[in-house]
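Heads up, what comes next is one protein chain in two forms, each shown on its own as structure tokens, labelled structure 1 and structure 2.
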Structure 1
């Protein structure tokens, strides 16, 4: 392994880590607050990517504005889904998981019927290459880091200092919701779904110019996100972010040094081992 190779893998891993952080935060929120396992979260990512493609490529709106619009659109979609489908599923892990796979079918087919199955490309927004430590990296990939950092920081500020954010944290730490000070649990649930959806859409929109956009992006990412959530501790947001980077680096290094299938095997094995050996995850506080 040369140094250049190492830097390349490290950069890729960091990028994946940010993507997974954005994506898995929503899953953790929804699990921590509603105790549901939502695999349709992957579809929110996919729809976010499609929305950015639609606003940016088809309507010609500015990229960052498209991203914001996509986040708003997916957030409202997520809240609708929560209200109709997930409300009766609160607290039921496996039924909610099965329900969410049903929603995967529904959302995937809806997107296919609007936009077809062909891959869509989103034009590069930040073209160009830079040389860092003698290694050539594309600006586009590097730009993911500051943008997702901004989204994550805004989210954490909201969680720490706003009234609703505090209510969300309280529900996650105390499942009985005893700490809810005059905030309705339904509002908190909708908010969690909405924020989670917006962050998934942000991840989708950010990655759209790098990868292709198609209707089948969701499920594989949903699995990765789920593994991250389990590894991090399921209700711990710092744990989720730590786990996202661990997964990102494992995926990047193992894919390059061994092969992509081995990376998938590693991810599955991590899931199995963590569920059995340390069910509370790396930073979880659940018994």
Structure 2
């Protein structure tokens, strides 16, 4: 392995780490507040990618504006799904998992009905290459890092200092106590689903110009997202971000040096070892 290969794999791993951070923090937020297993979260990622393709390629809207519109659209969809399907499932792991699995097919068929099954391509938004220390890197991939960082920082600031963010953290820690203080659990749950959907859409929209867009993007990433959430500590947002970068570097290095299936097997093996040694995950807390 040359120095150039190492830098390229590290850059790709960082990009994938940010992508998984956006995707998996939504899963952690929803699980921490609603205690449901939403396997259809991957379809929100897929719909976000399709929304960016539609706004940008079909309607000719600016890419960053298309990304913002896709996040708003998927957030609205996620809130609607929460109100109709997930609200009665709060606190029930297996029923919510089964129901969300059924939603996968509903959402996939809906997208196929509108856009078909053929791959869609999003034109390069940030074309060109840059050379760093003699290593050539794609501007398209590098731009994912600062844009994702901005989204994550805005999310953190909202969660840390806003009124609704404090309410969400209170519900994650003690829902009964939060309710006694006047916090609306229904509002917090809907907000959690909306934010989770928006962040999944951001991940899908950022990756759309790099990979193809099709109706079957969701389930593979959902599996990776659940590995990340379990590895990080299920309800720990910092743990989820740490685990996302671990997963990103594993995918990048092992996929390049061996193959993608070996990368997923490696991540699953690490998860198994961590959960045996530390069942609460990397940054989770003892029950």
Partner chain sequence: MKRRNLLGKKVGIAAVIVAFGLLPVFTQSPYWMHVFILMWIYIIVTASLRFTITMGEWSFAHVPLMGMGGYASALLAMKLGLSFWVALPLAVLITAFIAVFVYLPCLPTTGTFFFFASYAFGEVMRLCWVRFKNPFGGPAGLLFIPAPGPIRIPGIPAIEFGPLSKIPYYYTVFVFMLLSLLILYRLEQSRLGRIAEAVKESNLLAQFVGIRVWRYKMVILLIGSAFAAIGGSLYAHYTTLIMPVDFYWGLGIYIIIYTVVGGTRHFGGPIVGVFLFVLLRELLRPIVMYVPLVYGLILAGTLVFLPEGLISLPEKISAWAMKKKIAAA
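Residue numbers count along the first chain shown, from 1. Whichever C-alpha set is largest while still superposing within 1.5 Å between the two forms counts as the rigid core. Just so it is clear, the structure is predicted and the values come from calculations on it, not from any experiment.
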- Message: The form predicted alone: is that structure 1, or is it structure 2?
- Response: 2
- Answer yes if the Cα of residue 270 shifts by 2 angstroms or more between the two structures on a rigid-core superposition, and no otherwise. yes
- On a rigid core superposition, how far has the CA of residue 279 moved between the two structures, in Å, if you could check? 2.4
